[in-house]
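One chain follows as structure tokens, the form predicted alone.
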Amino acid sequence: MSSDKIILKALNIKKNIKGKNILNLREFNVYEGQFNFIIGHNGSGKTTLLNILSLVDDDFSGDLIYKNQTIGPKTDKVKLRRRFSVIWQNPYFYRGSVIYNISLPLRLRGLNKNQYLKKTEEIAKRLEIENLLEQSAATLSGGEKQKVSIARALITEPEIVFVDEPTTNLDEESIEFFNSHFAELVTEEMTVVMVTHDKNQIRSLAEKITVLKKGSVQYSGPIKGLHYQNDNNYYSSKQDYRLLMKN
């Protein structure tokens, strides 16, 4: 994962909620085939940006450009969204079994039963949840829910996977599983955009990283250009550190 080709670009993005400015970004780039991380303090606009990039939120001003094509009113967004997947901090599951929830994206794409069952069983094995397939999704633990959510997101082999604080509500064992296995589950053809506070994830997975503060970019570039002060503060230079700490 070393290409610096831009797959998704956000330009002049502004987002306001009830008169309050949430985002004000001149430019944000997602690099193809890489782990693109978005970090920052609570309220910095990370999840808001993720929702805009993943086409979940279309109530903003500015432009999104996907593979050099501007996403506009005439864009088939339903078709485009099928190239994306999202792993939420608190995943939603439909009533029914685990196998039903994991295979649903494939059934919506028209795969026959043999095809979607085979792919579901394959990804369940990779995530070590074969024993859960017939279980009701409503009975899963937090760690099990996250594994099922990952399986559902990756089963379609999406071009971009958006990940929102994947381990915030998990126990230590589940966090360790995610940090140890997620990179193995993502193929070289996939691009990852992840919001996180977890320094272990940042250090082990991030290739490109963007630091947000109050809806603006404080640093954006290679992970090797970013330094750490403590668990809550990130900076790329003394000047950037002062900006991050300024109230």
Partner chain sequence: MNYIIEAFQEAWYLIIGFDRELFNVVSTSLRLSITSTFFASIIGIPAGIFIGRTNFGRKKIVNIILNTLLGLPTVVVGIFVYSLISRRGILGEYEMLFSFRGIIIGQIILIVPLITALIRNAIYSLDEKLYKTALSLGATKIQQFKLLLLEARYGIMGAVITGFGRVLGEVGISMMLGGNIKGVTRTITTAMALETNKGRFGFGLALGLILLLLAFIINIGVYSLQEGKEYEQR
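Since the model is a prediction, treat every value here as computed from it, not as a measurement. Positions refer to the first chain, counted from 1.
There is another form of the same protein, the form predicted together with the partner chain; it is not shown, and what comes next is about it.
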{"item": "Exercise: T139 in contact with the partner chain in the predicted bound form, heavy atom 4.5 Å", "value": "yes"}
{"item": "4.5 Å heavy atom contact, I129 to the partner chain in the predicted bound form", "value": "no"}
{"item": "Close approach of N90 to the partner chain in the predicted bound form, 4.5 Å, heavy atom", "value": "yes"}
{"item": "Heavy atom of R82 within 4.5 Å of the partner chain in the predicted bound form", "value": "yes"}
{"item": "The partner chain in the predicted bound form: contacting segment from 112-120, 169-177, 93-101, 67-75, heavy atom within 4.5 Å", "value": "93-101"}
{"item": "Heavy atom of each of V56, L108 and R152 within 4.5 Å of the partner chain in the predicted bound form", "value": "yes"}
{"item": "Contact residue in the predicted bound form, chosen from S204, N51, N29, S216 - any heavy atom within 4.5 Å of the partner chain", "value": "N51"}
